[in-house]
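Given next, in structure tokens, is a single chain: the form predicted alone.
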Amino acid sequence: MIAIERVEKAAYDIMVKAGIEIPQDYEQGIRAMQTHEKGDLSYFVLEAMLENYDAAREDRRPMCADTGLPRYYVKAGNEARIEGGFIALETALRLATARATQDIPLRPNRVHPINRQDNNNNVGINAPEIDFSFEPDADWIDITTVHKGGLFGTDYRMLFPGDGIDGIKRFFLDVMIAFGKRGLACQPAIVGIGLGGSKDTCMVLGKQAACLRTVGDKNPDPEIAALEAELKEMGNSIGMGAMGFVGSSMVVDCHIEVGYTHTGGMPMSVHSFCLSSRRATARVHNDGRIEFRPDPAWFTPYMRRNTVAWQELMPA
């Protein structure tokens, strides 16, 4: 039985980590871009980002004044048993969010959409969002928090089968140019793409691709992995760099996730994560141990299963 106080502790601790400690994979990606960036202003932005990361770690403060919209992704093992059940788990995550907002501190960004009431703790109706997935043959729970900006950096288009790969590339370039010219995203960033599924699933897949995969990770489908690499190169070849200045530092990495969709359509979403790429993961074991790691490991073979039985995807 997983004690609920261990769940709240893990959630609180990853809130701190996500707000302050930039994931190593992302920071390495920024440093690699810096070695190739020729645009003066783009290079300056990259340099300032790295200096901000160092200052945040040293001062134990968030590296960006806008700490986004904290949310959670919970992967529950099928054999996991939680004290108080999933209602208690949700309560623990909301409590951890409220405490972290005051302690780190995080900017209280959540308000009522009509009367603008602010509870001053990033908790409210349907906030923070908590997405669940499940994993066979496991008695642990993984808790990932993501602090992503909630205003821009996202677009959607209903493509059709006749648009093909060229249509995917065209929409991707349209979005990257619009983001850069209009200041709709904080580049450079990990860009996630959702292809297929229903309209809402398409949006969910794109956000998860941006926020829950690490720099350098490739989709296990070789055809999709090749498209990821091509889109990343295209995104860095449009003449825009960090924060939309002239340069070549637009896309730290590109990740694509797919879902089976209606035969007559090909929905596509594009999501740009924040330049601070705030995420952190903790695994809470049945015996109370808490393990932290930078990789959410959200997209398991079970998540990407293509048949009724998931075991067929596992190695022999």
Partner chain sequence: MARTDAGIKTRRLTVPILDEDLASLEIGTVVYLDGVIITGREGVYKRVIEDGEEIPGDVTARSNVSFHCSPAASIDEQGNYSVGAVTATASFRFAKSLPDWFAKTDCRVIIGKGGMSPKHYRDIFVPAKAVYFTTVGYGTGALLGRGIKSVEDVFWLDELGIAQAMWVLNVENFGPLLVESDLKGNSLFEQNNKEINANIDRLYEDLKPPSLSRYGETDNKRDELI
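Keep in mind that what you see is a predicted model, and the values were worked out from it rather than measured. Positions refer to the first chain, counted from 1.
Only in words, not in the display: the form predicted together with its partner chain, which the text now covers.
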| property | result |
| --- | --- |
| Partner proximity in the model of the complex: residue 56 to its partner chain, non-hydrogen atom cutoff 4.5 Å | yes |
| 4.5 angstroms heavy atom contact with its partner chain in the model of the complex for residue 263 | no |
| Exercise: residue 253 in contact with its partner chain in the model of the complex, heavy atom 4.5 Å | no |
| is_contact(residue 286, its partner chain) in the model of the complex, heavy atom dist at most 4.5 Å | no |
| Triple contact flag 24, 122 and 297 to its partner chain in the model of the complex, non-hydrogen atom at 4.5 angstroms | no |
| 77, 108, 196, 84 - the one with a heavy atom within 4.5 Å of its partner chain in the model of the complex | 108 |
| Contact assignment for its partner chain in the model of the complex, among 135, 90, 163, 131, heavy atom within 4.5 Å | 163 |
| Interface stretch in the model of the complex with its partner chain - options 144-152, 69-77, 220-228, 199-207, non-hydrogen atom within 4.5 Å | 144-152 |
| Within 49-68, the residues that have a heavy atom no more than 4.5 Å from its partner chain in the model of the complex | 49, 51, 52, 55, 56, 58, 59, 61, 62, 63, 64, 65, 66 |
| Pairwise C-alpha change, residue 54 versus residue 183, in the model of the complex against this form - closer or farther, 3 angstroms or more | closer |
| Pairwise C-alpha change, residue 269 versus residue 182, in the model of the complex against this form - closer or farther, 3 angstroms or more | farther |
